[in-house]
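Before any questions on how it binds or moves, here is one chain, the form predicted alone, in structure tokens.
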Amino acid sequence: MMLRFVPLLVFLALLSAPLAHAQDDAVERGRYLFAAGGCLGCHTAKGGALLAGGRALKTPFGTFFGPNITPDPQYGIGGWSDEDFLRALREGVSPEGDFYYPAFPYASFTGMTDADILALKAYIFSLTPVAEPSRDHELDFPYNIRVGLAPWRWRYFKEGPLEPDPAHDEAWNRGAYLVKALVHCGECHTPRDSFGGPETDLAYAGTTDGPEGAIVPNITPDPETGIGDWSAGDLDFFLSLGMLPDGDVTGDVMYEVIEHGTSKLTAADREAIAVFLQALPPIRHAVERKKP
């Protein structure tokens, strides 16, 4: 009797093999996207468990704390469906229908493709769940009232995904995708107005009010206040090792981005970032020239 089931078992095994292989591919792709997106930095407290939350982000509106995004079903996002995860990154809306604060850079992540978002989820869900509650944000009034995010979203948020620009080549479009969406460089390198919205006329031109009080430099190709005198090789070396063309090294905040993020990108992706940045319009915007 048992022999009758052997062909069926073999058939089921053969059928499931491509699915398992596809899932493994998604996890590996997600691992790469996870590094590029800088998820570790915002969702892991110093000395804490991976992605268990608690990392503080001080802003003019109060202090935000990165939440637990491990696959723990109670304290993390283990109960989220694919649709929940897509909605969070694409729309900036929680499974309960609440707006996320833009300290979570969904305004950039919205540009990601569905495939990349779901691959990122596959990797995060392959990690160890941590049963640790997220810490509440400590925000000043009236910023602690989430309903106030509706006008912010109306003014500043444009839902993606990011579409390729046919006027540019593949390298430029890949660089645009990385810089604008996945690596979200503008979140730190673009100044913010009094409402916390990006000053688009100064996109990538640097700010004195970066994360953790950092001075964030101008990364447009202006030769005097930006990186106009940097070569593509300089940019690759910097994004790989954190070393500036003059031999100095970058500061703590950007070094963390490089250590856990851009250094893990392929050479082709770092080159694409350089192509896009060097094609930006140069903006003369002097920011105190400290380490990026």
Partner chain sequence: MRKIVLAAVGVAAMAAFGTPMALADSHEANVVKYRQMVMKAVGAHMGGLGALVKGETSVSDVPFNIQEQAAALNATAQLIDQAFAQDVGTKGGDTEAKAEIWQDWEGFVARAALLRERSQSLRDVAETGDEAAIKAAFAGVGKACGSCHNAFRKKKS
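Since the model is a prediction, treat every value here as computed from it, not as a measurement. Residue numbers count along the first chain shown, from 1.
There is another form of the same protein, the form predicted in complex with its partner chain; it is not shown, and what comes next is about it.
TODO: Tell me, please, which stretch of 219 to 227, 251 to 259, 31 to 39, 57 to 65 lies within 4.5 angstroms of its partner chain in the predicted complex when heavy atoms are compared?
DONE: After filtering at 4.5 Å, what remains is 251 to 259.
Task: Heavy atom of residue 244 within 4.5 Å of its partner chain in the predicted complex - done: Close contact exists here: in the predicted complex, residue 244 approaches its partner chain to within 4.5 Å, heavy atoms only.
TODO: Look up in the predicted complex whether residue 233 has a non-hydrogen atom within 4.5 angstroms of its partner chain, and give yes or no.
DONE: Yes.
Task: Contact test in the predicted complex: residue 215 vs its partner chain, heavy atoms, 4.5 Å - done: Output for residue 215 is yes: heavy atoms within 4.5 Å of its partner chain.
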